[in-house]
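Form predicted on its own, single chain, as structure tokens, below.
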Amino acid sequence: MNEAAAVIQLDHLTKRYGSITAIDAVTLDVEPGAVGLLGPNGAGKTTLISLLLGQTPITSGSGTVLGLDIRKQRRAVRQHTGFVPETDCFIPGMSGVGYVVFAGQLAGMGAASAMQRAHEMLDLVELEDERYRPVETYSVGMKQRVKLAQALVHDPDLVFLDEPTNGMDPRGRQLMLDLLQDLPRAGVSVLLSSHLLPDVEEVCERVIVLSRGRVLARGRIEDMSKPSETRYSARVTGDVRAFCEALQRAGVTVNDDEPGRLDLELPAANRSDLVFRAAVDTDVRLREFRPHRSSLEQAFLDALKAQGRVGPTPVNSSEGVADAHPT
């Protein structure tokens, strides 16, 4: 596959369950690298991954993964991709190493090659003697790591991950994120579906925001967190009250909920002169004056608000936007 080619290409991809449209005419190109898939509960993230892997029949539209038709070449798609599902899918009594070897053989590897590669991947995810125990005896974090090992055992070009850090302790979570960060450097693209925005920001360069089966926004995280042209943060010393009143008379919206800091919304771009003029008029000293940088969380919420999904109150990203905005 050409390195510059999109790893996923979709053309009006649609999936309906009776009267419910889970994926609504999605047209999308996904470039190589690490991409986050964001959306509230019920947005269609898991359904989309299932369609891309050929696990669920398409209602209409078309798509390719790594240049392979997701309707006609489903087995080939799965041979060249890895998948870490959100739910556990273990075979009772099977050891960790047996599980990873089995996954390799399902992808077309010979028994010896699958065994050698399984041990390499289990070393990578730091499962030592535990690999010989039945998987059902594993902790939540160990189960997540063995799922990553089986997704990588056959050396895929693209890995799909559905909430891979759910239930992990801080050390296990950081190990998982470090491993995911390394994959694009090794030439393996990543599609990470998660409601934990810090995880997405740490691993991914770009994001796709999905809601009600539609793509609401997409782009580079760096571009989404660009400085605002109208929102500024300020710290002043002196007669703060007089300063705020002067700003409000000039049409500036002032929020002073955070002690010692003012959140300012200018009436238009390039009107920072209003702030400096108010500072001179009220004889206060500006200790800090800088534009707000929009966060990934804010970009997510803005996309949902544009669709009428959420109110104006932001959520704590460490708690997860999906849980704060269920469908």
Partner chain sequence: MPIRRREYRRWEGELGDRRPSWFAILQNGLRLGLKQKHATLVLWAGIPAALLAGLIFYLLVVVGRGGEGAGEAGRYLGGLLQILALHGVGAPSLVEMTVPVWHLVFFRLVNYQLLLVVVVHAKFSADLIAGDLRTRALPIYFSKPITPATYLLGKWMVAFLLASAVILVPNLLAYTAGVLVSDTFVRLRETAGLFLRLVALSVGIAGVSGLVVLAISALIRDRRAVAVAWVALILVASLAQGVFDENSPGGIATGPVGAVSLYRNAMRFSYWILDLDRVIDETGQRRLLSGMAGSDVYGTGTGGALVVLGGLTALALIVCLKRVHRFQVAATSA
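As the structure is a computational prediction, the values presented were derived from the model and not from experiment. Positions refer to the first chain, counted from 1.
Below: the form predicted together with its partner chain, not depicted.
message: Can you tell me whether residue 225 touches its partner chain? I mean in the model of the complex, with a 4.5 angstroms heavy atom cut-off.
response: No, no contact at 4.5 Å.
- prompt: Do residue 138 and its partner chain come within 4.5 Å of each other in the model of the complex, heavy atoms counted?
  reply: Because no heavy atom of residue 138 falls inside 4.5 Å of its partner chain in the model of the complex, the answer is no.
query: Hey, in the model of the complex, does residue 57 get a heavy atom within 4.5 angstroms of its partner chain?
result: Although its partner chain is absent here, residue 57 would touch it in the model of the complex, with heavy atoms inside 4.5 Å.
message: So, residue 198 and its partner chain: in the model of the complex, are they within 4.5 Å at any heavy atom pair?
response: No, residue 198 is distant from the partner.
- request: Mind telling me which stretch in 248-256, 116-124, 216-224, 200-208 gets its heavy atoms within 4.5 Å of its partner chain in the model of the complex?
  value: Single hit among the candidates: 116-124.
Listed residue that, although its partner chain is not shown, lies within 4.5 Å of it in the model of the complex (heavy atoms), from 152, 236, 176, 190: Residue within 4.5 Å of the partner: 152.
query: Which residues from 89-113 come close to its partner chain in the model of the complex, meaning a heavy atom within 4.5 Å?
result: Those in contact are 89, 90, 91, 92, 93, 94, 99, 102, 103, 105, 106, 107, 108, 109, 110, 111, 113.
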